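Just so you know, structure 1 and structure 2 below are the same protein chain in two forms, each on its own as structure tokens.
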Structure 1
Amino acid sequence: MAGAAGDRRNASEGEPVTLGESAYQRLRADIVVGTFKAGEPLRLEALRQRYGLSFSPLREALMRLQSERLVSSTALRGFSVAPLSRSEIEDATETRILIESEALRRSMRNGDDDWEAGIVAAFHALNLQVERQRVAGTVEAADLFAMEERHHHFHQALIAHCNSPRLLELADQLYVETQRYRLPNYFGGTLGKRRRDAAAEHRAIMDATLRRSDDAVRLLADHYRKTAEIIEASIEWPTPK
């Protein structure tokens, strides 16, 4: 689920062919999932042991992650997991809305039949997984990753035809950033408390998009803002805001 889609590094992506690439993917996954908590220092020796790598590929991966705002560093004091804060979450959310709104508008303008088919397919695949999980009752980690993957695909499909490599890449980056605060929340177990009907929201967004209605943009923005609100409410912050 992690380093897959939306990375323009290796032509048609795939398995990490380089140790640096693998370090990047594993580190990113560990940060997103919360294995390394926000603010925690990332000591090179520890990482070297954990992943069985040498310094060079690790530093390269950390450098990359820093550019993506998952890691921060100070000159000679090493790296640490980028901190989370209310304002960071809000900034990420609003930026994501800005990017994806524009991308969605353009997609609706350019989108052809394949584009529509892609959206419908992704939506269906997402719902299958949701159903499967609802029936099973339990939440395996593997299921969760499958969910995330399909959720991501759905949102990618919406904006796929915006015809801007930059917007697509930014959207992917922001997806990962927001994953960082969505995922720990799932694990945290406030799952039952969720009165939210995400499937309905997704369907509404899809319908409006296929209709080429500007409502789609509004619904998408609401979707993201609601998510952010739920997350912010479910975390007790060290120092307010």
Structure 2
Amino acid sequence: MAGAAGDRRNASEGEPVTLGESAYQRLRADIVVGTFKAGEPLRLEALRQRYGLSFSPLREALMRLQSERLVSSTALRGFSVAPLSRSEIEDATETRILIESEALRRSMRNGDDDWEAGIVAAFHALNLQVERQRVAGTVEAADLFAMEERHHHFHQALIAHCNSPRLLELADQLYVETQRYRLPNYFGGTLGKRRRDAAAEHRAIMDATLRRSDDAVRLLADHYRKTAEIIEASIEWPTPK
């Protein structure tokens, strides 16, 4: 996940990033983990003081986050964190399933030995982090970010050979949209306390994918829907007026 480590250099390419990119990464990270709550105003002067950046890159970041549905704006009230809703998490989850199911089918058709090795390596790295946290008994924020990064990498590895940059971009965008529902619940302990063997779910998805089985698509969809169900049950939704 993008954060302070990615402020000055692109994590994947090692290249310097613009001030607008830095503002985008830092602001998105704070929205996703719940530092800024749903509906909270995002006033430029307060953001300038928080991040030490001028108004221009902050506006650029806010406009970009608005296109990703993480920020809302009105003519009179300016920018604010987009609200949370049951309909949004359900829509984002089902759209993510639609996109990644197709990407997974294509990857299973196109994938080679390197693709398979990448999936196995990503699964192993994720399991190492899960086991590390289990042994420690306590979870720090840095541990959760490390696990989230490895979790994301595993799901990226599954669809990496779909040969469609647009599908991959949409998958990443939808990952972030659902991440802002999921991560605050991890910090609050809600998801971690639910009886669920996510490692077994990931292994089942991996095994079916490596067999090039249609079961992989079904297991992936079940995995995402189960997460959405837990999130929906854990959030105190506003009472409809």
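Rigid core: the largest C-alpha set superposing within 1.5 Å between the two forms. Quick caveat, the model's predicted, so the values are computed rather than measured. Counting starts at 1 with the first residue of structure 1 and goes up one by one along its sequence.
**Q** Just to confirm, one of these is the form predicted on its own and one is not; which one is it?
**A** Structure 2, not 1.
**Q** Does the C-alpha of R166 move 2 Å or more between structure 1 and structure 2 once the rigid core is lined up?
**A** No; that C-alpha moves by less than 2 Å between structure 1 and structure 2.
**Q** Cα shift of L76 between structure 1 and structure 2 after core superposition, in Å?
**A** Between its two positions, the C-alpha of L76 lies 4.7 Å apart after core fitting.
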